[in-house]
Every structure is written in C-alpha cells, then in structure tokens.
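Given as structure tokens, the chain that follows is alone and in the form predicted on its own.
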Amino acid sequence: MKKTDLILSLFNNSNLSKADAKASVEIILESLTQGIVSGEGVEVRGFGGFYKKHRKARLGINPKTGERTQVGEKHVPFFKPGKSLKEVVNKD
C-alpha cells in the first residue's frame, strides 16, 4: 500500500474530503517522524512501536570488490510489531 492508497482508503471510509484525508495522513506521518527523531518513539497499542535504534561502528565489506571499509555509527528507524499485529499476520 502506498501513501496515495492510504489517503484514498481514509477518504472512502470517512466523511473527509480528499484534501482533508491527505492533510490527516501528512500530519500523522510528520508526528511519527518527529516522535522517532526526538528519541521518544511512538507506540500504537495493538499495532506496534516505532523507535530510533543506535548502530555501533563496524567493519563492512564491499561484496563486489571484497574491500574492507569502516562504517561509522548511526541511528536507524526501527519498527517492533505488537502482539495483535503479529497474531493477525500469522493467521492461516
């Protein structure tokens, strides 16, 4: 599902106009981004949590050349699914 599909789904399942649906999705995504960047994280009960995870510096290897190179430490976005989401995804 793409962002436009999410906007259309919100538009079709609510009383919102397309412009309001688009604004709502933009606000939610911006709020998620700010929560992750700030280090607080965002937790949606039953769905999962979005966090900023720290990765230590490490030695990386270029698969084409075999050359070893130092990869610096960095922060990456991380999603941890909630119990309810895991159960729904694993239903047969």
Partner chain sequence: MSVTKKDIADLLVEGIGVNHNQALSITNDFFDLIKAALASGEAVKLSSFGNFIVREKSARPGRNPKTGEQVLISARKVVTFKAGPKLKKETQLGV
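Positions refer to the first chain, counted from 1. Everything numeric in this text was worked out from a predicted model, so none of it was measured.
Here the subject shifts to the form predicted together with its partner chain, a form of this protein not shown in this document.
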* **Touches its partner chain in the predicted bound form: I27 (any heavy atom, 4.5 Å)** => yes
* **4.5 angstroms heavy atom contact with its partner chain in the predicted bound form for K74** => yes
* At the 4.5 Å heavy atom threshold, is T69 in contact with its partner chain in the predicted bound form? -> no
* Asked: Are any of the heavy atoms in R45 no more than 4.5 Å from a heavy atom of its partner chain in the predicted bound form?
  -> yes
* Asked: Taking heavy atoms and a 4.5 Å limit, what residues of 74-91 are near its partner chain in the predicted bound form?
  -> K74, H75, V76, P77, F79, P81, S84, L85, V88, V89, N90
